[in-house]
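This document contains two forms of one protein chain, each encoded as structure tokens and listed individually as structure 1 and structure 2.
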Structure 1
């Protein structure tokens, strides 16, 4: 297989470990902290996890290793969507495992959690692992979205582990995957299998975050990748001076990605879904907010700009959320078949008009026809609208165009408005990891093995103090149950890891809020350029703006 010059060079990069993990396996000891409790619903979570709840947080320090020596056979899976650095988690896990005992074994189960169920795996060796060091993607073993949540699945996984003498399983994933890790850990403990489960925090969306997880891995690389592209678009806008670019960025419900990209590139506009919800903004109000920037810039002779739109923003518009709920109800059960049988859009529109309330129909009527039709595209497995398929960047540019035409008719606007549209998502999920993510992920994997070696179960590999140089990072672990609360999922109470949305009183948003008025009216674009791997530390090892602002001294 042909590989690029950069990939060859990245093979040679040695990731930086936290200081206390640099002394060799024999000189790493454990410092135990306080017992923990879940973030909410303590009694319910405790009842669901009687064998793994309330365990202590731990920190690794320099000192005599007191773990009991034993051969470890570890299985690892990649779960959910890709995030830059996943390969390095596996490399760090492998290196720590082999440094402890050459006889230790690491199995990679293929295709995500289903690999554990199907007993489909590869045994790693040096030659295999070395092909994936410091590279992007999850192609080392693939990923998947199968959920491990039934007793039958747990029993199968338990038998697979027993068959191969597996002593621990490392699950690299996001909030749902780590919830599954906690449930599997509880099953293993309740059935005295002797198998441990350790989780690692992954998601480019940035919403797997709390007082213990400062940053999920992949967020740094993905946002830097998107910011490079947005910066390039800004420079093009500033060069051509005739287009408004509407850029939708991936990130599920939360706006962490959009906000970080705005902090890096200083666009004319960035919507923050959480603010839209807090202010109960309507589609019309959002369109007016963007149109105000277009008009002010046009008055200065600048008929161009850049607007960043978070992927999930329409979910946070109250009137749109109600519309979505009504559409879900409108097409529930057999009614969907009747709707799909209609031959023309006019017939379907009439069907919709009869089924929606007057208020929701008014919202539906102002949407461009292409967006109206997107609301009735392929449903998710539960029959609901797939909000991520809605081209909200096109929705808002169309609404803004209507607002500007109304202003032109009223004589309050005489500029030119031409919109171009972009969606940034998959471009960032498998990029070569930044030095930060290479180091962070390698540390998470190395640290995960230390948790295994010391016998912990149902813990998350935790590396903190991330805004400082890697030598000052702190490695340890925390019980996954500490992050949990109870939420209604498909009509049932389920234990889940609480998602973190953008905090409107947090330092990153406050900084954005203090500067956005100037960005909206003047051209304050910043061009971050490509991720750099070699050169000055302030260029190559810089963390995200979000992390720097949250931990500014």
Structure 2
């Protein structure tokens, strides 16, 4: 099998563990902290997790290993979207497991959570795992989006674990997957299966973050990869001096990715969904905000710029959400048939005009025709508008163009506006993990095994103090229930890990807010370039601006 020169070189990289885990397995002991409470809704969460609630926070220290010498058979799964470093979590887990006892076994369940249900797995050995050290992707065992959340599923998983003598399951996933990990842990405890569950915080979106988890893995590498590309595009814009580039980046629920990329590349414009929601901005206001930058730059002779658009931003525009609801209503059930029977777009447009409220029709009317048609013609199996398919980068450039034409007619703008569009998503989820993610992920996996070995259940592998060098990182575990609250989901109260949105009074946004006016009017582009794995430490080992700002002293 052919592999690249970089892949070969990366096999030789030795990930850095937190100082306290570097003394060898025999010299790792537990320091117990305080008993924990969930961040909110304590009584309800406690009632739902009678066997796993309120456990103590723990950290590892140098000291004699006092864990029971039990043979461990661990199963691991990768859940949800790819994030750089997933392979290293498994490598760290494997190395700690084998260093503890050569008889220990690590199974990888294939294709995500469904692998646990379908009893589809591979047993890791050195030769196999060595092919995946410090590499990107989840191809080692594949991933999947099946959710483990029903009693029936848990019963099957219990059977599978029993069949193979599995003593612990490690779930590498985002907020939902770790919520389900906690529920599975409670099930295992309640049914005295003796099987433990440990979660690891994964997601490039950066929205699995709280007072315990400083960041999820993959965010560092993905945002560096997007920032490399955005920087290249900025440099192109600043060389050709004739295009505005609208760059959509992944992140439907939160704008951490967009904000981090903006902090790294200093674009002319970056929208932040959380701000759009907080200020209840309309599409027209957003378009005017961007058009202001275009016009100010044009007045200085700069008919170019770069705008970063978070993938989910239109869903945060209140008037747009109302429009979507109305469209869903308008075409619900059999009403869609009358609409579909209309032959031409003109007839359909009249139908829409009659069906929407005046306010929503005003919003609808300013949309480019391609997006108007998309809203009505491409619907999911339930007849709902597929908001995620909306090309918001094209939507905003079209709205901005209209604004500029109006200004030109009014004599307040006399520039040129030519837009190009990009979407950055799949480009960054499987990059070779940065040194930071290589180290962090390996540590998470190594640490996860120590939690297993010490008998913990329903814990998240926790490595903190991440803005410092790895030698100063702190390794330990936190009961997942501590991060939970109750939220309404699909009409039901559910215990879930609270999703971390961009905080408008947090340091990263504050920094952005303080500088964005200058970035919008002048050209302040920064070109981060490609992720470097070798070379000067300030180039290779720097973490995200987000983490640095959040933990600045």
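Just so we're on the same page, rigid core means the largest C-alpha set that superposes within 1.5 Å between forms. Positions refer to the first chain, counted from 1. Just so it is clear, the structure is predicted and the values come from calculations on it, not from any experiment.
Between the two isolated copies of the chain, the first is the form predicted on its own. Core-superposed comparison between the two structures: CA of residue 341 displaced by 2 Å or more. After superposing the rigid core, the C-alpha of residue 405 moves by less than 2 Å between the two structures. With the core superposed, residue 289 shows a C-alpha displacement below 2 Å between the two structures. Taking the core as the reference frame, the CA atom of residue 350 shifts 3.6 angstrom between the two structures.
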